[in-house]
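Listed next as structure tokens: two forms of one protein chain, kept apart as structure 1 and structure 2.
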Structure 1
């Protein structure tokens, strides 16, 4: 080894970033505007005010490169950030690869994932605006856990609509949310018009993030004291998550390294974008040649098989219409254990950058994901979340390619959370009971058949 590189690279509390990075400022092609779901005309700030705090709407629309992090938010971040940058020496040895593998570990907080990075500022901005209650959806439960914690910190109520298949698969996620005071509802539910309509068609519906979003949006719209909070997809969420990549850049500087490849799992885009976008600033402004890869489930392949078009962000057509890669807002993915990645669409920012060729995408099957997760756990100790393990599966693939070519590439990925609440999924895998699901052209044709016709 040419130089000694520590197993972990830390930052001090004083080095915690004081501003978020907004990639909108550097994009050669900005995303198309959101459209109002009823009028199909461009949606302005006033259209979003029934759902979001004004400060969050400003962030959503902003093209400023850097946006200050409030002191109150930084003080809470300091309880669990900065997170470590870890050299995966154990995994490198197991793979016998010349590649250098690094990961940013986001599971060292009570929610167990990166989601708390956005839950804290969202709760803060709503609190100072006088909002007393937040409604939200959650897939695997990481976002619901994070928002439950953030609401408890600011003395707010929280209602979480949890996708039914994950509600059943991950009961202890529900318990964690309830411990922090949240009301957790299996979605689709009988509490909303959107949920009742889905159950009337399919009483045994597994649910989806699109359905749960519809229920949470309807909940917020019905009460003056309630706003809606989203854990991924939107620009302001990705803005908050940029703290991951901003920290990582400082950490790589400390060891005089820089990634050749940056990898993240992709559901709605928050953890991949939060990790990758601060590095992409260098690509967009200075032409650095880093490769960026978003990895998604083969059962829900919006980037690798979906279409770039306007579509509703939710099943009931209540959320804004977004120009994005989509499989169709009515699509209900198979009940894979990576519940946080079961979303039909994607971030407008990430979709545009993928469309413009700055980001690559890959899709992996569920059994390959868990094979990679077990190998990672046995070599790096941490039990990774199924979502994060999509990135791990791709990283292993690239590291083995380096073994074949002899290239010592530096690979960096975001380990967005731990899998301590996913033991039922690991149990199924170890017993040989996990299934792979094929996404077909017929499914895409059916999914896109209800996408709005917008010229």
Structure 2
């Protein structure tokens, strides 16, 4: 391999971005306002104050293009950032493609994913506003791990409502959070009205993300010293994740390259958006022709098969009503191994940009996802998370198209996390036990039929 571009492009600590990028400033059509789940009127800052720090609410509503990253947050980022931009020479060789493939690797921290990028500022802003304790929910465990770590660093308490079935099946994720000092509670629990109500009906309830959200929100609402934290979907989370794309832009500059296609997997939107939006600034303000592709599981096809409408953010109808692509708040996606991509809706920002034609979407089947994951591991060393492997599956498809056409396109994707805690899924794949899933139109219509016309 003779090459002028190294395997990894680093930034020094001094080059760590000092401001987040807020795409709201550049959007031709701003997202519709959130509606209050009870009144169905536009939700104002006061509606959010029982749950969130004022600084985070400001970020949620802000139309400022750049927002300063506090020094205290940058000091902690410097422990695990800037993350390297990696040239996938091994994968390119395995695919025999003229395409140039790059990825940003966000798994080099013990939460195992990009989630720590938002957990740190969320803990910080709450800390300086006098909040002593954060509550949250976790399904697969990545977000709960990230918030546990962030709270440990700022000396805050952290209570994580972990979906009962994950609590029982993923004891290591629970122990990881406890190692960082978090109080991990199996949800439904006896600690909240929401939990007690479920347990009264079914003492053996396996729980759900919806129930866990309700418990975490109730916990925060009933205590003055406690706020709630969410790991994706919201504007301020996507703002924090812009650190990924901002770093990547500087890294591409250093090697005098620029992506033709930018790819990310899509659950609640923060990983794709964090990676893509800083580049999309160029498209929105200067008309650059980059392609942006959000990749979702065929088992949860909100962008490719959902509708753009006002819907509840959660099953329990406690979260803000959001104008977004949705499969219906009662929609329960087929069981797949990318737990982070099973959300029925999407972020307001990404939904609007997709609606306006700036973002493309693709859906992939999970056997293709794991096939791509194994090929990536064997050629690039890193074991990718199932979520991130959705992006890999799409990138491989594009790279093979380049092989057909002879085009040397530059493809960039976000490798949002590692798969060290997902080996049970790899085992099923290697044993040939994973199944694909395709919804019929009837099944999708049923999910959407439960959404009342709102707004």
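Residue numbers count along the first chain shown, from 1. If you superpose the two forms and keep the largest set of C-alpha atoms that fall within 1.5 Å, you have the rigid core. No experiment lies behind these values; they were computed from the predicted model shown.
- Structure 2, not structure 1, is the form predicted in complex with another copy of the chain.
- When two forms of a protein are overlaid on their rigid core, residues whose CA moves 2 Å or more are considered shifted, and residue 215 is one of them between structure 1 and structure 2.
- The Cα shift for residue 161 between structure 1 and structure 2, taken after rigid core superposition, is 2 angstroms or larger.
- With the core held fixed, the Cα of residue 184 is displaced between structure 1 and structure 2 by 2 Å or more.
- With both forms fitted on their core, the C-alpha atom of residue 171 sits 3.3 Å from where it sits in the other form; this compares the forms between structure 1 and structure 2.
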